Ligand SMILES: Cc1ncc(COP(=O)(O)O)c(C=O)c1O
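Only one chain comes next, encoded as structure tokens, the form predicted on its own.
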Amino acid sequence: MALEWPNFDGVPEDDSLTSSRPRGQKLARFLWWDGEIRESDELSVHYYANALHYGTAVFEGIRVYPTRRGAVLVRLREHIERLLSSARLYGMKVPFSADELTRAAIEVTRRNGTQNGYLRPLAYFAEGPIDLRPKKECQVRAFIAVRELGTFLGEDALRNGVRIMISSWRKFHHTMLPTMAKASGHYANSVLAAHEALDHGFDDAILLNQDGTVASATGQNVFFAKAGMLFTNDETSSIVPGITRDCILDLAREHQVPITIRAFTREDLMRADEVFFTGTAAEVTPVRELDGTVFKTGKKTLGAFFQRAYLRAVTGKDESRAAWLTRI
């Protein structure tokens, strides 16, 4: 039997938490670049950067939100530590510490006056010889870029959900590449799936593993709800265990929503009551249709409950989760 949710009355159809967002992705004027704040039009990447030729870069995405007490960065330290962890997996010695990168993210956000935005910290192997051993001779460079960001998957995605398909492209297995790393080259797999979805008139796609179980969407983790229970997968399904995913699991435990973490199939999704995506850019986005199967969306759904709870937390309206936020 589905659980009763006493807080549904606090989930409006048109949530004021997202009403004042920017509609574009305007680039910010200033970047943090190898240790200093610089104007964006002064900068360039060498055409023989190893990362450009072989995808040898690692990155993060960090949201900036407005609150009553000023702009905040969400789970900044966790993102920076994951960046450095990804770098280690590729033999990349980033010449900045977690503390230095944390301070840099705060500084560049403050300098740009960003309120609704997205930070892209990125470390990469720079110019050097054509070689598949870049750690031998290529310098590691790092930057943090900033841009405005409103609703990532479309203007009405948070309210009405997205239409998605199962991609014909399969997700690479964690024994082939370190799937827990956010590495630039890994996302060529996602580009193929995203382009396929675009060509077929869908908003996004889900990639399956070689064994037919679900991996993830092109850049988001996948959850589904059935009979009041919440389901998602873990790193054994070749996913990046997302920080937003972790936020939703934390909220579910607080509200005593039963959680099952296991591999699941396309059939499990087709039989679900609801499906939704989580991600730093996508936040909590409901899926309204998967290959013709229609799911519940709207006010009285588990997805809406978590969307509301998450957005309240990241915009400073949930004091119990103040530790998620770094004030600018």
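Everything numeric in this text was worked out from a predicted model, so none of it was measured. Just count from 1 along the sequence shown to find any residue number.
Just so it is clear, the following notes concern the form predicted together with the named molecule, a form of the same protein that is not shown.
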Although the partner isn't part of this model, could you tell me whether residue 141 comes within 4.5 Å of the named molecule in the model of the complex, counting any heavy atom of the residue?
no
In the model of the complex, is there a heavy atom of the named molecule that lies within 4.5 Å of any heavy atom of residue 232, even though the partner is absent here?
no
Check residue 79 for me: does it contact the named molecule in the model of the complex (non-hydrogen atoms, 4.5 angstroms)?
yes
Report yes if any heavy atom of residue 87 sits within 4.5 Å of a heavy atom of the named molecule in the model of the complex; otherwise report no.
no
Report the stretch among 50-58, 26-34, 66-74, 273-281 that approaches the named molecule in the model of the complex to within 4.5 Å, counting heavy atoms only.
273-281
Heavy atom within 4.5 Å of the named molecule in the model of the complex, from candidates 167, 237, 221, 109, belongs to 221
Of these, 94, 197, 243, 145, which has a heavy atom no more than 4.5 Å from the named molecule in the model of the complex?
243
Scan 175-212 and write down, in order along the chain, each residue with a heavy atom lying within 4.5 Å of the named molecule in the model of the complex.
182, 187
